[in-house]
Structures are given as C-alpha cells and as structure tokens.
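One chain follows as structure tokens, the form predicted alone.
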Amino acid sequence: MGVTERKVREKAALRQEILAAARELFAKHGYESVSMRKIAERIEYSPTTIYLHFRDKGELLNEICTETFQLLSKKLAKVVASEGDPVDLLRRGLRVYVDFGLSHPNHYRTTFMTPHQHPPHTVSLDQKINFGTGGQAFQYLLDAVGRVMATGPTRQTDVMATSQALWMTIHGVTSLLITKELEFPWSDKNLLIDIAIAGAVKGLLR
C-alpha cells in the first residue's frame, strides 16, 4: 500500500470514528446538548481535528441522517425487488423498517427521534417525493401502498396520506421498542410488531 492510499484510508477511518461518536452522543444526550468539543473528547482528538472533516455540528448530523437513509433504503430495495402479493410485500417492508430501527438504535434515534431542521421537500403530481436522502426510503413506502391500492378496492384512496399514516404508526412501534423506558409489562417483541403491522395494513384494506 502506497503512502497516499494509506493516508486516504486513515482519513476515511477517522471520519467514520467521528460519525460513530457523534451518533452515540446525539442519541444519548440529544443533539442540542452535544458540542463538537464533547465529540472530540470522546475520540480523544482535538476539536480542530474534527473541523478538518466537518464544518460544524449540523453537517455532522446531516451526514448521519444521510448514512441512515442509505442503509435503510438498501434493505427496503431488496423487498421492492421481490415478487409476490402487494399486501404481503407491504407488510414485509414495514417489518424491515422496524427491524432496521432496532438493529441500528443510534442511527434511528439520531435521525428520527432527535429534533432538528430538515430540508424543504416537494411532492410532484405523480406522488414522487423529494426531501433529501430520505426521499428514496419514503418512496418505497409510497410505491408499496400504491400497488396495494391498484390491485383492488381499498378502504383508503389517498396514497400520500395513507403512507404517512402507516409511517407514523410504525415509527411509534419502533421508537417505543427502542426506548422501553416505561415500567410496563411488555409482551413478546415480535408479537407486538406483528400485531401492530397487521392492524395498520388492515386499516388500508376493505
């Protein structure tokens, strides 16, 4: 390995180390309570080093969100590429979403459970949505709901509103299972997820 290649790899590795530390601290303490200095202390580097990789804390957060949506979209793409009953594929996609959040709690907390500004989004007449890196992930849900509605009469007819309502429901399930901070006799995790998804999808069907 040449000197240049080694430096490139070291720079990429440090960048990932910074992102990992920021994800953990944002998820644990909240975005507003974490400073660039705290992130630097976590990885035992000077704040100046972090500023060589990221302009400010906002850029760090945006990078984490981008990474989250890329990972999630990659998993959802596998469901979209599958063949089968549209209703079953919708259920599978929703389950993938929940499982992703539980497998990547710091990614999920930081992206979906941390108050921060999002870039403005636009929706075209054909229901194609564009709001940053999250657009592709949400588009998978829009497409899945659209296919269900195209197969026959459904209880709902507004693809956008229905997709958003499904997302709200599944986000609630995911965030509660991630935190589980309430002293409550929770039932089996998989049973809760299955019941929640079945109920949400049933509300779409006649």
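Only the largest set of C-alpha atoms that superpose within 1.5 Å between the two forms is called the rigid core. All figures in this text were calculated on a predicted structure; none of them were measured in a lab. The first residue of the shown sequence is 1; numbering continues from there.
Not on display, but discussed next: the form predicted together with a further copy of the same chain.
Asker: If contact means a heavy atom within 4.5 Å, which one of 51-59, 38-46, 150-158, 65-73 is the stretch that engages a further copy of the same chain in the model of the complex?
Answerer: Contact-bearing stretch, as computed: 150-158.
Asker: Would F138, T169 and K202 all count as contacting a further copy of the same chain in the model of the complex, using a 4.5 Å heavy atom cut-off?
Answerer: Spot residues vs a further copy of the same chain: full contact, yes.
Asker: So, L14 and a further copy of the same chain: in the model of the complex, are they within 4.5 Å at any heavy atom pair?
Answerer: Taking the distances in the model of the complex, the answer for L14 is no, it never comes within 4.5 Å of a further copy of the same chain.
Asker: Wondering, does V34 line up within 4.5 Å of a further copy of the same chain in the model of the complex on heavy atoms?
Answerer: So V34 does not count as contacting a further copy of the same chain.
Asker: Although a further copy of the same chain is absent from this view, report whether A196 comes within 4.5 Å of it in the model of the complex, heavy atoms only.
Answerer: Yes, A196 sits close enough to a further copy of the same chain in the model of the complex that at least one of its heavy atoms falls within 4.5 Å.
Asker: Tell me, yes or no, whether K28 is in contact with a further copy of the same chain in the model of the complex, where a contact means a heavy atom of each within 4.5 Å.
Answerer: Judged by the heavy-atom cut-off of 4.5 Å, K28 is well away from a further copy of the same chain in the model of the complex.
Asker: Only counting heavy atoms and a 4.5 Å limit, does any residue of 163-178 reach a further copy of the same chain in the model of the complex, and if so which ones?
Answerer: Q164, A165, W167, M168, T169, H171, G172, V173, S175, L176, L177, in sequence order.
Asker: Is it true that S33 shifts between the shown form and the other one by 2 Å or more at the Cα, once the core is aligned?
Answerer: Yes; S33 is a residue whose C-alpha shifts (by 2 Å or more) between the shown form and the other one when the cores are overlaid.
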